[in-house]
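There is one chain below, alone, in structure tokens, taken in the form predicted alone.
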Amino acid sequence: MKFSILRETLLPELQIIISVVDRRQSLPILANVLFNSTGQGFSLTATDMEVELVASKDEPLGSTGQVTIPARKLLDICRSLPESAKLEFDASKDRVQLKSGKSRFSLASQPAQEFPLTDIEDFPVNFKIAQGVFRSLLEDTLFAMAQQDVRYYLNGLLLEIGPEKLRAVATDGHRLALKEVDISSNVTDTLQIIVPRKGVMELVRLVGDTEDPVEVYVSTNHIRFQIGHIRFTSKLIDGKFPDYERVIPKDSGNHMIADRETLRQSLNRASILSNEKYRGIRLEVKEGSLRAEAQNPEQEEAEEVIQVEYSGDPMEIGFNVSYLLDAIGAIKTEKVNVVLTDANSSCLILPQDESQCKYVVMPMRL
């Protein structure tokens, strides 16, 4: 198999798929990219057996066939060559000879037929969503996902697909983030699937802030996204997500309305002197004001007082300040509504318009 290609044609596609290539591979072939040339164009495929990424381009290369090439070495070679360089490939049984100008490279190859492809025939569920809407859905919830929790179903993002709504939910057992958007899907009953953490982080990288659509396809064990010329497939986590509706506090009537940016900045300042490990902060709320206190093992203390709209029961309650800041940072409205019940109950953080976002933070003892 012989073909030639310009550096500017190959490099962008390589940069898209390279993040899937793990540096610590269990199988040597997973360190390679599968280069597939057809009569109409070419594609590059990378996988780590959990997620698969395919970047395609409608540019015939004059030769058809498949070859595997060490992904990171090929990327480094392309980056190091001058602009507009022409790369000439000559692939034989277990070697790929690469020439560009007076540069010569001989790279090890593995049989293309042994490259593990995700082969799925049937995707019974599908829908489309604007890239910008989908990106904000992910970004406004993913921070609450667990990391390496023994409850493996928490190490991902729940997507709840209904006929007209798409809801994303993430929780690590100490906090919860929920957001929903409008869609039109072909499901009749609500379907719950859990996308693993790596898949979620890749998606945020791949989707843009545009009106262009993302096509979503769901099978029994996989979810696939078509984003322009990029096709991304991820395995789903096989597990049952907890009943998240049960942990969302009911409205107690104790609403604290605060300017979002003022609240964020004051908590941020107070957090500087919080315990670095536990990040605890004490909030004392009473009519018209909020007092935030933090201290650490060195007996250093910080205190912040801001004006808020509050006419409920006076209350003292402790929280992990990082969890509060994450939730407040995800809210876009000018004011934020914090619903409090008592010192031993979770708080509910809502946008001013109480729209499609909900954030729950459990209290902590200080």
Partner chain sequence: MSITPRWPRMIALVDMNAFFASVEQLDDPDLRGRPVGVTNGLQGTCIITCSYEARRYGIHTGMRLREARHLCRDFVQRPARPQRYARVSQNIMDALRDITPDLEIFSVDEAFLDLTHCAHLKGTPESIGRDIKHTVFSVSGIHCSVGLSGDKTTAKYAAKRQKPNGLTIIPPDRARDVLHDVPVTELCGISTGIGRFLADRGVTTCGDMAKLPIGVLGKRFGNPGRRIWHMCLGQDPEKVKTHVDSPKSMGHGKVMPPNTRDRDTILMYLLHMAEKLGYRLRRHAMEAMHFFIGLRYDGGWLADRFRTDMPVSDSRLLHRLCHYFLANYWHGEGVHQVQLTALDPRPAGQQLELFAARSTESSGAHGVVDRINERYGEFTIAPAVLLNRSSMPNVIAPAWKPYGHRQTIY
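Numbering follows the first chain given and starts at 1. The shown structure was predicted, so the numbers you read here are calculated from the model rather than taken from an experiment.
Another form, the form predicted in complex with its partner chain, is not on view; read the next lines as being about it.
Although the partner is absent here, residue 42 sits far enough away that none of its heavy atoms falls within 4.5 Å of its partner chain in the predicted complex. Contact check for residue 93: every heavy atom lies farther than 4.5 Å from its partner chain in the predicted complex. Remark: residue 242 counts among the residues lining its partner chain in the predicted complex, judged by a heavy atom distance of 4.5 Å or less.
Interface membership of residue 247, defined by any non-hydrogen atom within 4.5 Å of its partner chain in the predicted complex, is confirmed.
Picking from 252-260, 146-154, 82-90, 95-103 the stretch near its partner chain in the predicted complex, with a 4.5 Å limit on heavy atoms, gives 146-154. In summary, among the residues 132, 288, 163, 173, the only one with a non-hydrogen atom within 4.5 Å of its partner chain in the predicted complex is 173. Contact with its partner chain in the predicted complex, defined as a heavy atom within 4.5 Å, holds for exactly one of 320, 36, 337, 56, namely 320. Along 349-366, these residues reach a heavy atom to within 4.5 Å of its partner chain in the predicted complex: 360, 362, 363, 364, 365, 366.
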